[in-house]
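Just one chain follows, in the form predicted alone, and it is written as structure tokens.
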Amino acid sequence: MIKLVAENPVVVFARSGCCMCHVVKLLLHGHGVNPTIFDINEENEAAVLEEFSKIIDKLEEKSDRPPPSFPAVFVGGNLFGGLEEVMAAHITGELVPLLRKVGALWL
């Protein structure tokens, strides 16, 4: 998963059937972003949460950050946050410039 996050401009880890995950994906698609989606289910959820700690430690060098809940959105190789952070950035107008900066948007 570390490679997945590092090599893609936007990665969304989304739980199957989660309405908040659906909203994040719709918002990103609405902006023209085609994020890499990693679907989480009951069988792989514990393993994914364990991997999040490794990703955060390796890519962000922040060991004090708790594992994120779902959806977990990585932008430019770093954990951006969940639905609240994505929506806040959208409302304040910070989301589109960030997506352009990491190469997820060209216009």
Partner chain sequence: MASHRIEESALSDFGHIPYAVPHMIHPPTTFTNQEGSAFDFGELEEAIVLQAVNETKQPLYAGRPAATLEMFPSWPMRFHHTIRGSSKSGEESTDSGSAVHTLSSRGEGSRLEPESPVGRKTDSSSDHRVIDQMHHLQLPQQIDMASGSDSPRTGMSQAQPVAKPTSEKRRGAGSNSERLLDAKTLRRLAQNREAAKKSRIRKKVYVQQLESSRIRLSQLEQDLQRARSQGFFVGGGGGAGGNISSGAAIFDMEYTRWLDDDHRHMSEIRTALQAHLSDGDLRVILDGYIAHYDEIFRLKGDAAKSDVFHLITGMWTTPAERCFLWMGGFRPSELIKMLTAQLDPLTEQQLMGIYSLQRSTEQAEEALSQGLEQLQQSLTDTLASGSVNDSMHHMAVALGKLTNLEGFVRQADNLRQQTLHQLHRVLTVRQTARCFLVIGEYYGRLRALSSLWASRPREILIGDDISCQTTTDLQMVQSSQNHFSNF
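The structure displayed is predicted, hence computed values, not measured ones. Residue numbers count along the first chain shown, from 1.
Keep in mind that the form predicted together with its partner chain is missing from the display, and what follows is about it.
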Discussion item. So, residue 83 and its partner chain: in the predicted bound form, are they within 4.5 Å at any heavy atom pair?
Written reply: yes
Item to complete: Answer yes if any heavy atom of residue 49 is within 4.5 Å of a heavy atom of its partner chain in the predicted bound form; otherwise answer no.
Response: no
Practice prompt. Classify residue 33 as contacting or not contacting its partner chain in the predicted bound form by the rule of any non-hydrogen atom within 4.5 angstroms, answering yes or no.
Written response: no
Worksheet item: Within a 4.5 Å heavy atom cut-off, is residue 87 in contact with its partner chain in the predicted bound form?
Response: yes
